[in-house]
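Before any questions on how it binds or moves, here is one chain, the form predicted on its own, in C-alpha coordinates.
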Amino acid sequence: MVLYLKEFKIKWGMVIDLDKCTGCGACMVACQAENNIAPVVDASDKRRSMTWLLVYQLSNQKLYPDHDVAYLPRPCQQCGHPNCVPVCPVIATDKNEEGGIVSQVNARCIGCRYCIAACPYHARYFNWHDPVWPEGMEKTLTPDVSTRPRGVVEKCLFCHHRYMQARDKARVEGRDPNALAEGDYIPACVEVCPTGAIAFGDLMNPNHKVHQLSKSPHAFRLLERLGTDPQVYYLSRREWVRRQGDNILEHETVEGV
(Lines give C-alpha, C1' and ligand atoms only; values in the text may rest on other atoms or scores of the structure.)
Protein backbone atom coordinates (compact mmCIF):
# COMPACT_ATOMS: atom_id res chain seq x y z
CA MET A 1 0.00 0.00 0.00
CA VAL A 2 1.34 3.43 -1.00
CA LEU A 3 0.52 5.93 1.71
CA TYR A 4 0.59 9.05 -0.41
CA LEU A 5 -2.26 7.59 -2.52
CA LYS A 6 -4.55 7.27 0.50
CA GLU A 7 -8.08 8.61 0.40
CA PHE A 8 -8.62 11.74 2.46
CA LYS A 9 -11.83 12.79 4.17
CA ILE A 10 -10.57 16.37 4.03
CA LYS A 11 -8.81 17.85 1.00
CA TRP A 12 -7.74 21.45 1.44
CA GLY A 13 -7.71 23.20 -1.89
CA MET A 14 -7.87 26.49 -3.72
CA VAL A 15 -9.98 27.81 -6.55
CA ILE A 16 -8.37 30.84 -8.23
CA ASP A 17 -10.54 32.98 -10.50
CA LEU A 18 -8.23 34.22 -13.24
CA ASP A 19 -10.87 36.63 -14.49
CA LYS A 20 -10.62 38.44 -11.14
CA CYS A 21 -6.85 38.30 -10.71
CA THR A 22 -5.13 41.59 -11.62
CA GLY A 23 -1.57 40.33 -11.21
CA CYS A 24 -0.90 42.78 -8.37
CA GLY A 25 1.45 40.36 -6.61
CA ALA A 26 -0.04 40.92 -3.14
CA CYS A 27 -0.28 37.14 -2.70
CA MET A 28 3.43 36.76 -3.41
CA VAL A 29 4.37 39.41 -0.83
CA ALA A 30 2.02 37.92 1.78
CA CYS A 31 3.47 34.45 1.19
CA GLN A 32 7.03 35.69 1.64
CA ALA A 33 6.23 37.68 4.79
CA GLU A 34 4.14 34.92 6.39
CA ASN A 35 6.63 32.14 5.73
CA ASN A 36 9.83 33.97 6.68
CA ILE A 37 11.35 34.14 3.22
CA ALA A 38 14.28 36.54 3.47
CA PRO A 39 14.39 39.50 1.05
CA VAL A 40 16.92 39.03 -1.71
CA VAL A 41 20.02 41.19 -1.77
CA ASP A 42 19.48 42.13 -5.40
CA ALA A 43 15.95 41.60 -6.68
CA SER A 44 17.09 42.06 -10.27
CA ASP A 45 19.27 38.96 -9.97
CA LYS A 46 16.85 36.13 -10.78
CA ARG A 47 19.46 33.58 -9.72
CA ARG A 48 18.86 34.65 -6.12
CA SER A 49 15.08 34.87 -6.30
CA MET A 50 13.08 32.82 -3.83
CA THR A 51 9.30 32.71 -3.84
CA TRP A 52 6.88 29.91 -3.06
CA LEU A 53 4.10 31.50 -5.09
CA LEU A 54 4.71 32.96 -8.53
CA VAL A 55 2.30 34.97 -10.70
CA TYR A 56 2.59 34.24 -14.43
CA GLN A 57 1.29 36.42 -17.25
CA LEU A 58 -0.64 34.66 -20.00
CA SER A 59 -1.36 36.14 -23.41
CA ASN A 60 -3.64 35.15 -26.27
CA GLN A 61 -0.86 36.23 -28.66
CA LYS A 62 -3.21 38.39 -30.73
CA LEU A 63 -2.74 41.94 -31.92
CA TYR A 64 -4.75 44.95 -30.78
CA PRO A 65 -7.73 45.27 -30.49
CA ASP A 66 -8.06 41.51 -29.90
CA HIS A 67 -5.10 41.31 -27.54
CA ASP A 68 -5.90 39.94 -24.10
CA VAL A 69 -3.88 38.95 -21.03
CA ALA A 70 -4.53 36.99 -17.86
CA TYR A 71 -2.56 36.49 -14.66
CA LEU A 72 -2.09 33.06 -13.11
CA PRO A 73 -0.88 32.68 -9.51
CA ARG A 74 0.88 29.33 -9.09
CA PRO A 75 1.40 27.97 -5.57
CA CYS A 76 2.25 24.32 -4.94
CA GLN A 77 -0.58 22.37 -6.52
CA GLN A 78 -0.72 19.90 -3.60
CA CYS A 79 -1.11 17.05 -6.09
CA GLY A 80 -3.24 14.06 -5.22
CA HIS A 81 -0.64 11.88 -6.92
CA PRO A 82 2.54 13.93 -6.36
CA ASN A 83 5.59 13.11 -8.46
CA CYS A 84 7.84 14.64 -5.81
CA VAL A 85 6.98 12.17 -3.04
CA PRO A 86 8.21 8.82 -4.44
CA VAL A 87 11.55 10.24 -5.64
CA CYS A 88 12.63 11.63 -2.24
CA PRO A 89 15.26 9.24 -0.80
CA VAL A 90 14.83 10.45 2.81
CA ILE A 91 11.04 10.96 2.94
CA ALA A 92 11.51 14.69 3.47
CA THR A 93 8.30 15.21 1.52
CA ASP A 94 5.14 13.21 2.00
CA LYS A 95 1.38 13.28 1.49
CA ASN A 96 -0.02 11.42 4.43
CA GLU A 97 -1.58 13.94 6.78
CA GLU A 98 -5.36 14.41 6.73
CA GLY A 99 -6.11 17.36 4.47
CA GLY A 100 -3.88 16.23 1.60
CA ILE A 101 -1.20 18.89 1.99
CA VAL A 102 2.15 17.77 0.54
CA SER A 103 4.63 18.22 3.37
CA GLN A 104 8.24 19.40 3.32
CA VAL A 105 10.34 18.47 6.34
CA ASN A 106 13.28 20.83 6.05
CA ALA A 107 15.29 19.21 8.85
CA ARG A 108 15.21 15.92 6.93
CA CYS A 109 15.99 17.33 3.47
CA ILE A 110 19.50 16.55 2.15
CA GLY A 111 19.23 18.88 -0.83
CA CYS A 112 19.44 16.24 -3.56
CA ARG A 113 16.76 18.15 -5.55
CA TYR A 114 15.15 15.05 -7.04
CA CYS A 115 11.77 16.51 -6.09
CA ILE A 116 12.52 19.69 -8.04
CA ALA A 117 13.26 17.64 -11.15
CA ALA A 118 10.09 15.60 -10.66
CA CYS A 119 7.68 18.51 -10.14
CA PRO A 120 6.03 19.47 -13.44
CA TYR A 121 4.82 22.79 -11.99
CA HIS A 122 8.23 24.22 -10.97
CA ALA A 123 6.71 24.79 -7.53
CA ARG A 124 9.80 23.76 -5.54
CA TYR A 125 12.83 25.89 -4.91
CA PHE A 126 16.33 25.15 -3.73
CA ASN A 127 17.79 27.58 -1.20
CA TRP A 128 21.25 28.36 -2.52
CA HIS A 129 21.95 31.13 -0.02
CA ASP A 130 21.76 31.65 3.73
CA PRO A 131 18.74 33.78 4.67
CA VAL A 132 19.76 37.27 5.76
CA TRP A 133 17.36 39.89 7.10
CA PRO A 134 18.18 43.60 7.35
CA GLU A 135 18.83 44.80 10.89
CA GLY A 136 15.61 45.03 12.84
CA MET A 137 13.58 43.06 10.32
CA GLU A 138 14.10 39.85 12.29
CA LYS A 139 11.46 41.21 14.67
CA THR A 140 8.84 40.72 11.97
CA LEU A 141 9.40 36.97 11.59
CA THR A 142 6.43 34.66 12.02
CA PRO A 143 7.17 32.74 15.25
CA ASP A 144 5.35 29.57 14.13
CA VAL A 145 7.42 29.16 10.93
CA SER A 146 11.00 27.95 11.12
CA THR A 147 13.62 29.65 8.99
CA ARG A 148 15.38 27.39 6.52
CA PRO A 149 19.16 27.11 6.23
CA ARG A 150 21.01 27.08 2.96
CA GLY A 151 20.92 23.80 1.08
CA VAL A 152 17.31 22.61 1.44
CA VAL A 153 14.26 22.56 -0.80
CA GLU A 154 11.38 24.91 0.01
CA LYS A 155 7.76 24.97 -1.15
CA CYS A 156 4.27 26.27 -0.46
CA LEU A 157 2.54 24.40 2.37
CA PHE A 158 -0.81 26.22 2.30
CA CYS A 159 0.47 28.03 5.44
CA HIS A 160 0.39 24.77 7.39
CA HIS A 161 1.08 26.53 10.68
CA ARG A 162 -2.26 28.29 10.31
CA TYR A 163 -3.90 24.90 9.93
CA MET A 164 -2.34 23.78 13.21
CA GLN A 165 -3.48 26.98 14.91
CA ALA A 166 -7.04 26.49 13.65
CA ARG A 167 -7.09 22.91 14.95
CA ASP A 168 -5.77 24.00 18.35
CA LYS A 169 -8.39 26.75 18.57
CA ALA A 170 -11.13 24.25 17.73
CA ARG A 171 -9.94 21.95 20.54
CA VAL A 172 -9.94 24.81 23.05
CA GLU A 173 -13.49 25.72 22.02
CA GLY A 174 -14.63 22.11 22.32
CA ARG A 175 -15.09 21.61 18.60
CA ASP A 176 -13.89 18.76 16.40
CA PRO A 177 -10.47 19.76 14.96
CA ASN A 178 -11.16 17.50 11.99
CA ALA A 179 -14.36 19.38 11.13
CA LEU A 180 -13.22 22.97 10.76
CA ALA A 181 -15.78 25.46 9.55
CA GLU A 182 -15.18 27.43 6.37
CA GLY A 183 -13.03 30.42 7.28
CA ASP A 184 -11.37 28.81 10.31
CA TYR A 185 -8.24 28.10 8.28
CA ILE A 186 -7.14 30.60 5.62
CA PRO A 187 -3.64 30.86 4.06
CA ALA A 188 -2.00 34.28 3.89
CA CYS A 189 -2.34 34.63 0.11
CA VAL A 190 -6.09 34.07 0.32
CA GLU A 191 -6.50 36.54 3.15
CA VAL A 192 -4.64 39.35 1.41
CA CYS A 193 -6.03 39.07 -2.15
CA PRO A 194 -7.67 42.48 -2.82
CA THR A 195 -10.08 41.19 -5.47
CA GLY A 196 -11.13 38.00 -3.71
CA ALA A 197 -9.81 35.95 -6.61
CA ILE A 198 -8.62 33.10 -4.37
CA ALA A 199 -11.10 30.89 -2.53
CA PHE A 200 -9.93 28.28 -0.03
CA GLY A 201 -11.58 25.41 1.79
CA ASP A 202 -12.35 21.71 1.85
CA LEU A 203 -12.85 20.34 -1.65
CA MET A 204 -14.67 17.35 -0.15
CA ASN A 205 -17.22 19.44 1.76
CA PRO A 206 -20.31 20.33 -0.33
CA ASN A 207 -20.95 23.30 1.98
CA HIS A 208 -17.62 24.93 1.19
CA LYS A 209 -17.39 27.44 -1.64
CA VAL A 210 -14.37 25.76 -3.20
CA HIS A 211 -16.29 22.50 -3.63
CA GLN A 212 -18.98 24.29 -5.59
CA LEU A 213 -16.54 26.35 -7.68
CA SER A 214 -14.43 23.30 -8.56
CA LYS A 215 -17.51 21.78 -10.23
CA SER A 216 -17.97 24.79 -12.52
CA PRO A 217 -17.77 24.14 -16.28
CA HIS A 218 -15.22 26.93 -16.39
CA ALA A 219 -12.91 25.22 -13.88
CA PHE A 220 -9.66 23.55 -14.91
CA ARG A 221 -6.38 22.36 -13.41
CA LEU A 222 -2.85 22.88 -14.66
CA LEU A 223 -1.45 20.09 -16.84
CA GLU A 224 -4.39 17.91 -15.88
CA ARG A 225 -3.50 15.37 -18.56
CA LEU A 226 -0.48 14.31 -16.47
CA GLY A 227 -2.80 12.70 -13.91
CA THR A 228 -1.28 14.44 -10.88
CA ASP A 229 -4.77 15.32 -9.55
CA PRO A 230 -3.94 18.82 -8.21
CA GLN A 231 -5.91 20.33 -5.33
CA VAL A 232 -5.65 23.79 -6.89
CA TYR A 233 -8.33 24.68 -9.43
CA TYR A 234 -8.54 27.68 -11.73
CA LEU A 235 -11.57 29.45 -13.14
CA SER A 236 -11.91 31.43 -16.37
CA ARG A 237 -14.70 32.07 -18.81
CA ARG A 238 -12.09 32.70 -21.51
CA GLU A 239 -11.48 29.57 -23.53
CA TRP A 240 -7.96 30.56 -24.54
CA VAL A 241 -6.99 30.78 -20.86
CA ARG A 242 -8.34 27.32 -20.13
CA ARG A 243 -6.52 25.90 -23.13
CA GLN A 244 -3.19 27.35 -22.00
CA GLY A 245 -3.76 25.91 -18.54
CA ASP A 246 -3.34 22.43 -19.95
CA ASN A 247 -0.44 23.51 -22.17
CA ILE A 248 -2.33 22.68 -25.35
CA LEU A 249 -0.29 23.55 -28.40
CA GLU A 250 -2.13 24.61 -31.51
CA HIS A 251 -1.39 22.28 -34.44
CA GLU A 252 -0.95 24.27 -37.63
CA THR A 253 -1.53 22.53 -40.93
CA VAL A 254 1.63 22.66 -43.01
CA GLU A 255 1.09 22.41 -46.75
CA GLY A 256 2.51 19.20 -48.16
CA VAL A 257 2.65 17.39 -44.78
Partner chain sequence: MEEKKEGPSKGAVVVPFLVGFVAAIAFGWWGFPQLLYSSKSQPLNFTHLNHVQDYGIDCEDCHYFRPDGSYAGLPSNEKCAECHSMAMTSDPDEIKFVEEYYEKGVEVPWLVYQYQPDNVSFSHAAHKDEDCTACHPDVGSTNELPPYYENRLTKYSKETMKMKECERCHAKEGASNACQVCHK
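Predicted, not measured: the structure shown is a model, and the values here were computed from it. Numbering follows the first chain given and starts at 1.
The form predicted in complex with its partner chain is left out here; the points below concern that form.
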**Message:** Using a 4.5 angstroms cut-off on non-hydrogen atoms, would residue 179 count as touching its partner chain in the predicted complex?
**Reply:** no
**Message:** Using a 4.5 angstroms cut-off on non-hydrogen atoms, would residue 157 count as touching its partner chain in the predicted complex?
**Reply:** yes
**Request:** Although its partner chain is absent from this view, report whether residue 144 comes within 4.5 Å of it in the predicted complex, heavy atoms only.
**Result:** yes
**Item:** Touches its partner chain in the predicted complex: residue 184 (any heavy atom, 4.5 Å)
**Value:** no
**Fill in**
Checked 61 to 95 against its partner chain in the predicted complex; residues with a heavy atom within 4.5 Å, sequence order, are 91, 94
